[in-house]
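Take a look at this single chain in structure tokens; it is the form predicted alone.
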């Protein structure tokens, strides 16, 4: 049989030191990002999944098929049976410095969970991540924010409803917050295989590192300001506009562009249309916080910014992305400390990364798993430089 001759990618000098951008290194079976239609999970457009139960979408990630009613009932019961963060982890969280960023707390918490909970079985540990991370994140919120002692999970509640129960955000509308966080959790769960946090998590796991430490490494990537903090930056950007009046917004955007400033929340490395995750969130905002002033600013900016950005031919995507309005919605629903927004992103994304780790470690290559990552680096001039005496 002849050897395959298809060439996926030809390497040139220009591809070196470029962050592997666009360079194919593997396959992803859980999600895809299409330039025109946006994100899909296992072939399902994200818009078809946003209103499902969050456990059903987690099941889809882990099993690559939507569950039947019986399978979902069994899966929900299984996840509930796995809840319960070890008390030692809570005590360790209480010893962390309040000066630490919430993402540093999440990274530490994942390591603590691994120390106290790992089984060594990637499938079992992935399910434990889905079950226990909401309680861990809620405890991080409460301890670091000084809201009081962590609240135990309620076995009668679903995954995100229980998360909101364990958060018990002072002054928040629990119903609106649950509606938002359920959608937020689903929309942020996966985004192809090559984003920094996912790639990092899979790379670390390729050394047969446990899933908790691998996710800790992934969250270290998400923590960076060029990756997971975009929703925080977008909220701060909306706040600086200072008005929901379309004319004032247009003046603000034109002034920002004239001064070569970034328009946060617009554009995307892959997409060439409005991010459907943004479309879903704008629609949700009209239901849960239509009169919030910052939301009205973000909603009107959606129209005005696109109109202005389309005037610049070099801008390949003038449309809002997933981060354009998510921070504004979180703020409107009572989560006003934007330092925690990336932690919420991580709570969701860990499910998708865990599912991809399971694929690479347990299912690829006929069950042998993908090999350890070992990209080649081309040696440049390394001639010794002698120090003159």
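In this text, rigid core is short for the largest set of C-alphas that superpose within 1.5 Å between two forms. Numbering follows the first chain given and starts at 1. On a predicted model such as this, the values are computed, not experimentally measured, just so you know.
The discussion below concerns the form predicted together with a small molecule, not included here.
For the small molecule in the predicted complex, the listed stretch (50-58, 342-350, 66-74, 327-335) containing residues with heavy atoms inside 4.5 Å is 342-350. At the 4.5 Å threshold, heavy atoms of residue 268 reach the small molecule in the predicted complex. In the predicted complex, none of the heavy atoms of residue 203 sits within 4.5 Å of a heavy atom of the small molecule.
Using a 4.5 angstroms threshold between heavy atoms, residue 209 stays clear of the small molecule in the predicted complex. Shown alone here, residue 277 lies within 4.5 Å of the small molecule in the predicted complex, counting heavy atoms only. Contact annotation for the candidate site: 191, 195 and 227 all lie close to the small molecule in the predicted complex (heavy atom within 4.5 Å).
With the core held fixed, the Cα of residue 122 is displaced between the shown form and the other one by less than 2 Å. Positional change of residue 319 between the shown form and the other one reaches 2 Å or more at the C-alpha, relative to the superposed core.
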